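This document opens with one chain alone, in structure tokens, the form predicted on its own.
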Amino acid sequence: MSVNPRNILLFGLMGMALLLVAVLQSPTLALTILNMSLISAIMALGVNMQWGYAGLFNVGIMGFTAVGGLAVVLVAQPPVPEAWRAGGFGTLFGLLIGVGTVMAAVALWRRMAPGRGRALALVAVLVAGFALNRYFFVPAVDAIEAVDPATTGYLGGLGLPVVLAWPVGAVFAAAAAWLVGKVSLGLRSDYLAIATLGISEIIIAVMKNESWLARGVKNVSGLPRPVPQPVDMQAAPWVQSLADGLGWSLAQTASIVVMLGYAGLFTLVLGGLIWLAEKALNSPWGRMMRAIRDNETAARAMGKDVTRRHLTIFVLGSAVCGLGGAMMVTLDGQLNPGTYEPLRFTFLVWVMVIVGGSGNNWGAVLGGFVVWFLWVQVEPAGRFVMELVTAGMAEGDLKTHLLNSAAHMRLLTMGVAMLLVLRFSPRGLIPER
């Protein structure tokens, strides 16, 4: 970050806003906003790598964050032995048949000469593979989902520490990005947008419908935490002493201590990421990426493999989004595929990058904080304003309509904030150097 008074002032104002929330509203609310702002900043950092460094238009952020969240279930949840006995190995065998079928089809396509023989062989392999997959996979899945569907009905995870799920979530998202990038990055940029949008919807559909994987729309709750539960912290003598000293209730003090623990972990991750991102951006590799972004034709003429470089940064940025998605599910303590919506997990992250300043890592971080703060605070503020405006109005449809419209203040504010930034500071609050 450019060390100048303006940038420091912007972060200072953001800190003051959080401090005012803690004083005027609730310390718990301020810490909740802080934790989600840290996660939002990480997601914005991932999108900034793709768009700010390389000009890649990714509108599938939702899918990559969802894959990261899925990793938390697969890594941290304890396995369900009954489900594994009922159909775990049949499911894995069915999946292996599916992978083997695809590999056999690709090998046939490459090795056989074009013609009717290749087409017939390809169809025969695909049909046989599909039939075998269904034969083993479907009964196994039915058996798994029949195992106590009210509480389990899925295979569970590996039972490892939940923090290990964060890098695994990044790897899952990177793998999905690699598949999308290999297909679409050699084409025009609008194909990338279509491909990422499509794969994100496919990921969400799979997570909703494949209950054997993570309970689908029945959700997985009570995920392991990297910090103790507030109820456990209440028994700690030092927490009781702290509550007495501050004059707070024991429950509030324990909750704040737990949130501070999350904030410390998230700050550590964000600090490490931004250090790495700044090193990369200011290295010869970062300058090459920006040169490719500004003029692909010239970069190709200089001998740069533009498609390969695009794939690299696309995978890296998606991995960071997956990491943020895993952290968010850990903070929530549950995986709910129904909550993944493009508005929240794609549009809002893009607003963060644009408002903060694309091409600048610190700008993306600031955008994550500012936009999430507005996202949380605007709706109650809009309700308060509408109550003032309608205070003198008689009860009726108009007053009801105005009061109900406060719920839409979030979307209106996001649009207005983006328009104001584009009008008066088109390069964002902290522009690229």
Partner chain sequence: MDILNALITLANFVLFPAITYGSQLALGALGVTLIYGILRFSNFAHGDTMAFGTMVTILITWALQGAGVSFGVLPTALLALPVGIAATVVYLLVTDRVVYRFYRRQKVKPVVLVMVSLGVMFITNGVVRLIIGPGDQRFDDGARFIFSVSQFRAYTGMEEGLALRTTQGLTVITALIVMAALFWFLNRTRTGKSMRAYSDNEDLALLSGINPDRVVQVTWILAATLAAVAGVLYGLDKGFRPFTYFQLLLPIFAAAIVGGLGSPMGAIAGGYVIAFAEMGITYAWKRVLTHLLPDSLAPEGLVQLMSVDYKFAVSFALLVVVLIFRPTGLFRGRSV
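Positions refer to the first chain, counted from 1. Keep in mind that what you see is a predicted model, and the values were worked out from it rather than measured. For the two forms, the rigid core is made up of the largest set of C-alpha atoms that agree within 1.5 Å on superposition.
Keep in mind the form predicted in complex with the partner chain is missing from the figure; the text below concerns it.
Proximity to the partner chain in the model of the complex, taken as heavy atoms within 4.5 Å, picks out 53 to 61 from the listed stretches 53 to 61, 389 to 397, 38 to 46, 363 to 371. Remark: Leu197 counts among the residues lining the partner chain in the model of the complex, judged by a heavy atom distance of 4.5 Å or less. Residue contact check for Tyr262: none of its heavy atoms lie within 4.5 Å of the partner chain in the model of the complex. At the 4.5 Å threshold, heavy atoms of Leu242 stay clear of the partner chain in the model of the complex, well away from it. Using a 4.5 Å cutoff between non-hydrogen atoms, Asn209 counts as a contact of the partner chain in the model of the complex. Between the partner chain and the residues Phe130, Trp285, Trp275, Phe89, the one pair within 4.5 Å by heavy atoms in the model of the complex involves Phe130. Checked against the partner chain in the model of the complex, the candidates Thr339, Gln229, Ser189, Thr307 yield a single residue with a heavy atom inside 4.5 Å, and that residue is Ser189. The candidate site formed by Val217, Gln377 and Glu379 is entirely out of contact with the partner chain in the model of the complex, as no residue has a non-hydrogen atom within 4.5 angstroms of it. A displacement of 2 angstroms or greater separates the C-alpha positions of Met386 between the shown form and the other one, with the rigid core held in common.
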